[in-house]
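First comes one chain, alone, set out as structure tokens in the form predicted alone.
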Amino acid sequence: MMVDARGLGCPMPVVMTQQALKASPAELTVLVDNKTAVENVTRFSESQGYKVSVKPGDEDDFVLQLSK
């Protein structure tokens, strides 16, 4: 499952992640393009019991891999 929140300002990346996590996936990939979104999505996801790893993506993008 993947959420592409590139180009969106906060709080939309968190809202989109929250909606995707309602299905309780074991893993979720979230694409964002700014550090604020990385920090906010990470904070929210960890509060929901997910471990988060962040990798640089293409250009200025970031790939967040969430897992239970």
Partner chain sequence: MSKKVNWWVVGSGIAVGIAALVLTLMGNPKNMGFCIACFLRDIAGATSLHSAPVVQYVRPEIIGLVLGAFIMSVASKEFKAKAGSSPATRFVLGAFVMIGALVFLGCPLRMVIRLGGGDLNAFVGLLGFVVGILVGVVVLKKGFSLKRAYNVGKAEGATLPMVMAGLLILFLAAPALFKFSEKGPGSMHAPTFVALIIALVCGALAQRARLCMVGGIRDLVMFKDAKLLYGFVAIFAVILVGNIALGNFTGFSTLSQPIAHSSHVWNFLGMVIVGWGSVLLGGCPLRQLILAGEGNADSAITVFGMIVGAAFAHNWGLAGGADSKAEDGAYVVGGISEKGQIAVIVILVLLAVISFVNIQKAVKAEKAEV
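Positions refer to the first chain, counted from 1. None of the values given here were measured: they were computed from a predicted structure.
The protein also exists as the form predicted together with its partner chain; that form is not presented, and the subsequent description refers to it.
Chemist: According to a 4.5 angstroms non-hydrogen atom cut-off, is P11 in contact with its partner chain in the predicted bound form?
Modeler: Contact check for P11: yes, within 4.5 Å of its partner chain in the predicted bound form.
Chemist: My question is simply whether E27 lines the interface with its partner chain in the predicted bound form - judged by any non-hydrogen atom within 4.5 Å.
Modeler: Heavy-atom contact with its partner chain at 4.5 Å: absent for E27.
Chemist: Under a 4.5 Å heavy atom criterion, is F44 part of the interface with its partner chain in the predicted bound form?
Modeler: Contact check for F44: yes, within 4.5 Å of its partner chain in the predicted bound form.
Chemist: Evaluate M16 for contact with its partner chain in the predicted bound form, applying a 4.5 angstroms cut-off between non-hydrogen atoms, and reply yes or no.
Modeler: Yes - in the predicted bound form, heavy atoms of M16 and its partner chain come within 4.5 Å of each other.
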